[in-house]
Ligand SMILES: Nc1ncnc2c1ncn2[C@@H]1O[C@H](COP(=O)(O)OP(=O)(O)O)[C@@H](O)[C@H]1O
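Below you will find one chain, with nothing else, as structure tokens; this is the form predicted alone, and questions on how it binds or moves follow later.
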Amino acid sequence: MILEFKDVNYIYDPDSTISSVALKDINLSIREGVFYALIGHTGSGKSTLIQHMNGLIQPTSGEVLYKGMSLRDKNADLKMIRSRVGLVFQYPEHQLFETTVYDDVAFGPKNLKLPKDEIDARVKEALILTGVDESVWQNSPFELSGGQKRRVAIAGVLAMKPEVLILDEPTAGLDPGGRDEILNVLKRLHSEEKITIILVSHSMEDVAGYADRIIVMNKGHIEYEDSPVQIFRHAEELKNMGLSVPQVTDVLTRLKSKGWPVKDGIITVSEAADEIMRVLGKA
């Protein structure tokens, strides 16, 4: 396991009258090369959980381990771990600050004191991987579209050569085209570069279409951790948590309630289309 949570609890302002429990008894194992989605209603603990993954926050109790080493260990190199477990915050374009796209992506590798040639190679590789056209590398990042800015921000994390890439609502505020661009970048990074992806999202359609595993958080603890098909079988329970299921899953559930002999476990549009055609063909 690349990341493990063992009996992790976290309390904000523990010694004050406004203390609040954000994480409760979290036990979780993140496997290498898997595309995870992390879902939960606002306030469920998602953002607090991901900030524990590279030591930005330390547990009130329990342990978080990277490749078997506790992030509390005095020998744990948190700077190195944060380069290997990269975290992209919501609206990452707000973190852009350099005068050119190239310099912004180079900022992290420069802080690692890498040789100039290595920095150049990492920057170019990261920009190519995220689909940022070479024609804008010397432009100001603030001249780019929202989707392009988001790609540059992701490239800045990729230039650190992470094994795990954590993204907090990376498509928030983007139009449908920009959203698809970012999700396709993540899909390619996962399939071609074998990077472990942890995607925090409110979109059940995105989750159903891209994730191998889904982690469902509710009131600070993990309610479920399973494949998308199995997770969305808990439709009523998810709705009670303030979540939903993919629209196509809801549509097929309604068709089944009206007597259509459709299969369970349909979670994507293409699967739904095939299943409806199958039933209509039989009819």
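Everything numeric here is computed off the predicted structure, so don't read it as measured data. Numbers follow the displayed sequence, beginning with 1.
The form predicted together with the ligand is left out here; the points below concern that form.
- Just one of 55, 62, 45, 246 comes within 4.5 Å of the ligand in the predicted bound form, counting any heavy atom, and that one is 45.
- Site residues 12, 22 and 41 are all in contact with the ligand in the predicted bound form, judged by any heavy atom within 4.5 Å.
- The candidate stretches are 223-231, 46-54, 25-33, 246-254, and the one lying within 4.5 Å of the ligand in the predicted bound form by heavy atoms is 46-54.
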